[in-house]
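Single chain ahead, by itself, as structure tokens, in the form predicted alone.
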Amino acid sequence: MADVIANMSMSLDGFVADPQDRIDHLFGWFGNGDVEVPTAVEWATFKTSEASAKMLRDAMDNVGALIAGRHLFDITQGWGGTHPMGVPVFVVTHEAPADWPHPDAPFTFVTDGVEGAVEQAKKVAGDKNVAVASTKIAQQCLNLGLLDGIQVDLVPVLLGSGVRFFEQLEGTTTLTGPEVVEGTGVTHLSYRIKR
């Protein structure tokens, strides 16, 4: 069965975006190398170090669905109807957008909460993983015991303030590991949730 894995690029001081939701300082590693990693969309071919490229290829091969929150969906304008991972996307929202210009795109708007989104995403993902790409959704999944792993792409920058990867947690969570992959300008850390 699919594992539910939260993944974000994060500053050394724990932020995944600055106060204006900008990610410029955190996503530089996606373009700082020589190895091309194509995605499902033309505008998002990454050029990373070999170590980061291997990690990205493995992630793309092993993700079968993605869960995002409405805020991220709105900021990215729904990725133009195709997420770079090329998998079905489940958007947790209070209300589906009335003017979604890509009705045939593999996007499902889930209005019954995070648990419903995880259940639907797992069915679609099959044996592959479900990626969680939103901080609030990752926090809710962790609080509900729905998260199996956390992957952090740790970037050597201090933002000082902004959007934290994890806050508003309801208890202590113990992790295994980490598995470490050293890229150029980023350290990839993979943890499992101890049950």
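Residue positions are given as counts along the sequence shown, with the first one as 1. All values derive from a computational prediction rather than experimental measurement.
This next part talks about the form predicted in complex with another copy of the chain, which is not shown.
Annotated contact segment (heavy atom within 4.5 Å of another copy of the chain in the predicted bound form): 152 to 160, selected among 152 to 160, 49 to 57, 66 to 74, 33 to 41. Among heavy atoms of M10, some come within 4.5 Å of another copy of the chain in the predicted bound form. Contact annotation for L146: none of its heavy atoms lies within 4.5 Å of another copy of the chain in the predicted bound form. Put simply, L142 is close to another copy of the chain in the predicted bound form: some heavy atom of it is within 4.5 Å.
The shortest heavy atom separation between E167 and another copy of the chain in the predicted bound form is within 4.5 Å.
The partner is not shown here, but in the predicted bound form the stretch 166 to 183 reaches within 4.5 angstroms of another copy of the chain through a heavy atom at F166, E167, L169, G171, T172, T173, T174, L175, G177, P178, V180, E182.
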